[in-house]
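In the form predicted on its own, a lone chain appears below as structure tokens.
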Amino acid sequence: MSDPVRLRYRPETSEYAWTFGGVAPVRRVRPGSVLELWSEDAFGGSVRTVDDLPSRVTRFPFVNPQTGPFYVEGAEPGDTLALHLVSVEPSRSWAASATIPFFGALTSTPRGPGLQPALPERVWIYDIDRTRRTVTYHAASRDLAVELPLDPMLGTIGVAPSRGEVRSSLVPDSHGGNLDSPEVRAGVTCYFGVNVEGALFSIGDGHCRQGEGETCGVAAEAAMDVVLVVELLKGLATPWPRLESDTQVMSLGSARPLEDAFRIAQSDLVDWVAAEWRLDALDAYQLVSQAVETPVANVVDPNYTVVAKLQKRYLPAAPVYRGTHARLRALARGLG
């Protein structure tokens, strides 16, 4: 087998995408290609100290800059795009988080107004130690530091929506987008249904780590170096974003209210299990009901995201998505 084509791309500031859909592709890539990409943090790199309040140094809606979109040759509606994350690593020695007025799960928001005043705007800068694999929190109110495990992920990943729709990079939906799930990490294969010619996928919004739910609305935001492999599965539809790791299959649903996101993820996982393992729908429903794990990815975005995941050990041994994950994992190991 010949070595895969490798493409290295670091966008200029003027090349950032701020939406999924409605943006011309920055590069064309072939299925099987390996992409070495860089993505800026959600603040566009403007929050570097505790004095850099986001309201002063960023300009809404220009947050969550995306690297891309990339046109995948041969991709058509009805296909599935597979993106295998070989590595996701912070490219700086620091990350930033913040509380932002009228944003987050534990404050009044425009969609859930109250009479109380906004929470104060405040910034926290985290120290990243890539050797020790830690990200260190420093309290603002006292001399306290807490080392947390470094667990890099991508907050946004997805394709252009269908019907010519353009979605903000802040919004998750069936096309992917701002899913904010800690499950989108190295070693995972992400599956997205292709909605437009070329798929037009983008990535961004790297987090050094994020708690489930992203409660305050801002993770430990960081620029990322990302290596991924692109693959195309012809004639195979994927209605909602799906993930596959070595040990689990996962469906992601995004909607408001939260129970609708839950229902989407659970229903899609049931459909997936029934189709891949040739089970009656009610048999799949019963198995998922007893074995599923359901972490909440975020409860702060315009749509909330819920993950439904099932251990592969509970399923008959069979290749998922035509054995794509195992094949791309093997390719990734060969990359060193």
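Each residue number is its position in the shown sequence, starting from 1. Everything numeric here is computed off the predicted structure, so don't read it as measured data.
This protein has a second form, the form predicted together with a further copy of the same chain, left out of what is shown; the following refers to that one.
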Which of 112-120, 184-192, 228-236, 74-82 sits within 4.5 Å of a further copy of the same chain in the model of the complex, heavy atom basis: 112-120
Option touching a further copy of the same chain, based on a heavy atom within 4.5 Å in the model of the complex, out of S168, S93, T247, S87: S168
Contact flag, T99 vs a further copy of the same chain in the model of the complex, heavy atom cut 4.5 Å: yes
Close approach of T131 to a further copy of the same chain in the model of the complex, 4.5 Å, heavy atom: no
Touches a further copy of the same chain in the model of the complex: L243 (any heavy atom, 4.5 Å): no
Contact of T324 with a further copy of the same chain in the model of the complex (heavy atom, 4.5 Å): no
Those residues of 238-259 which, in the model of the complex, come within 4.5 Å of a further copy of the same chain by heavy atom: W240, S254, A255, R256, P257, L258, E259
